[in-house]
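Given as structure tokens, the chain that follows is alone and in the form predicted on its own.
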């Protein structure tokens, strides 16, 4: 079997069809690309062939490159992996450039044959780079299709000519949203911005007509034509100069220099704009190789692409249970979390019963979905008909009997064990005997909450992050008595609502919060030591965190932090490690500075809630040291305090799979995405260095940085997490 096949018809059209056997989506590999080259050579050398159409045998065109190809390039080159990657990329460029020139004389640009692409649906990554090397792109009028370059989202950039061609086609400024942000477009919008050429009800028929009527001038790309000028100007053109200066500022402003791919992409665009097209392709290949050789790239690909997809497809799902898809979900509590859960469930086509003790509150919870859909209509992302259909799936009520045929319950009431126990008993009195009950608690142990249930094996935690509709991670927590059917049900539900699940065992704060809280606490502790607040938050942003720890605690509320601190201190007694942090947050709480919601916290705010800067009273109470610590020390304190918690969670079997530790950290609280997650970051550092650095931090800052036994053992053996846990690596 082969990925590409070719047929020739009586009109002289050679149709090349891409159809990867056994896969729902076409993905490219080197063998397939080289076979495509032989088919193109055949068609170009056949005098009876007037032109070529490349299309797909599937509903979509292609999903991108098989990322294992990059690893194969490195390993095949032995002691010089960079050379192997560069030569492999240049080989890909050569095939696509051959398609672009299509047999024409290089100097005169005459004698070529027309090559068109027909996109029946989605075309991403190499699935767009290949069409862009052809002379005309025809897409089906399919509003569900997505066209774009998502590579930047997994730590890469389009390296098979996509960067060079898109910039030369649209100009650097116009191309930037699609290259630097990974934005994808529906076919109609892709045509309007100039990314593709035609949108058609019958793209194959239109492509055939064009191929048979195309003139030689239609085959010459703008950058191959005499007198070509880049749209918007090159770096030393008066207009282009401003564009490139602005682009550099924009990239560094958004990434803080933490993401290697963004810097490399900008370099490839800048340098490529100064040289002829074929030289620009080599520049692109060089910078792409630079990214591939950066360990950040491999870590991001593994966590944000391979492992994320594996978890979404059920990598940790109990296999002995048939499909547990949810038909009717009961959401108890119509506050912000409950309203968000109801929305995402209804979006997935699930019938929802939204229950609250007050009908007005229940109606307000449903109104959240209405307001969300109204915004979508205003932005052209949905329709009034879809809004009505969604709202019809949500029933807001105070009547528990409406839950009598629900197959999943998600409780989202106040974080009070007594209230949750009362709700659990009331719900279990009316739901079917096989109904799964889930609590959306973020801190209370699931095993303790399950004591109020008469069916503890059907009791589980499903922890959403706020805001529910925007956050992609869902943390599923197994109590001591939770059965595998409940786990399967929770995973299938998360799959339905199109989010990414991780499954962890029950423990205080589960996984995500046990790592987030030390991050916040370390930032607050540094304030008490006299470290400048701006240094603390900016050090975090320079690591790629979306917000620094002080801004984060303002957003989540300081009084919530104080409540968690009191509860944790009561549970841990003399072992409680964070008294220095409590001095700060209890003082802030006592002064009414409880965060953004009160327009007073670590920051000062105006009447609209806009941050005005750090509150001056903070440094009055905790004077700033005359000599500030080195940036790397601040960053290591923030990183290690989280990474070591991830290791301890793995040691204690809270984390059962290292993939979940990394994916959960990035999606759950934005842990330095460039690193691939806390365990990947420790692998990048190397376990010997990580263990040694723990010792230094422990000696200087305290026992919270003590090296976990697991990491110490790995350091002694020279192991990595993704090496030691090789069964997980193979599964990824």
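Residue numbers count along the first chain shown, from 1. Please read these numbers as outputs of a predicted model, since none were measured by experiment.
Keep in mind that the form predicted together with a small molecule is missing from the display, and what follows is about it.
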Counting only non-hydrogen atoms, choose the one of 458-466, 173-181, 488-496, 521-529 that falls within 4.5 Å of the small molecule in the predicted bound form.
458-466
The unique member of 289, 296, 642, 440 whose heavy atoms fall within 4.5 Å of the small molecule in the predicted bound form:
440
Of 656, 336, 140, 90, the only residue with a heavy atom within 4.5 Å of the small molecule in the predicted bound form is 336
So in the predicted bound form, does residue 420 come within 4.5 Å of the small molecule, heavy atom to heavy atom?
yes
Flag residue 228 as yes or no: does it have a non-hydrogen atom within 4.5 angstroms of any non-hydrogen atom of the small molecule in the predicted bound form?
no
My question is simply whether residue 210 lines the interface with the small molecule in the predicted bound form - judged by any non-hydrogen atom within 4.5 Å.
no
Might residue 412 be said to contact the small molecule in the predicted bound form, defining contact as any heavy atom within 4.5 Å?
yes
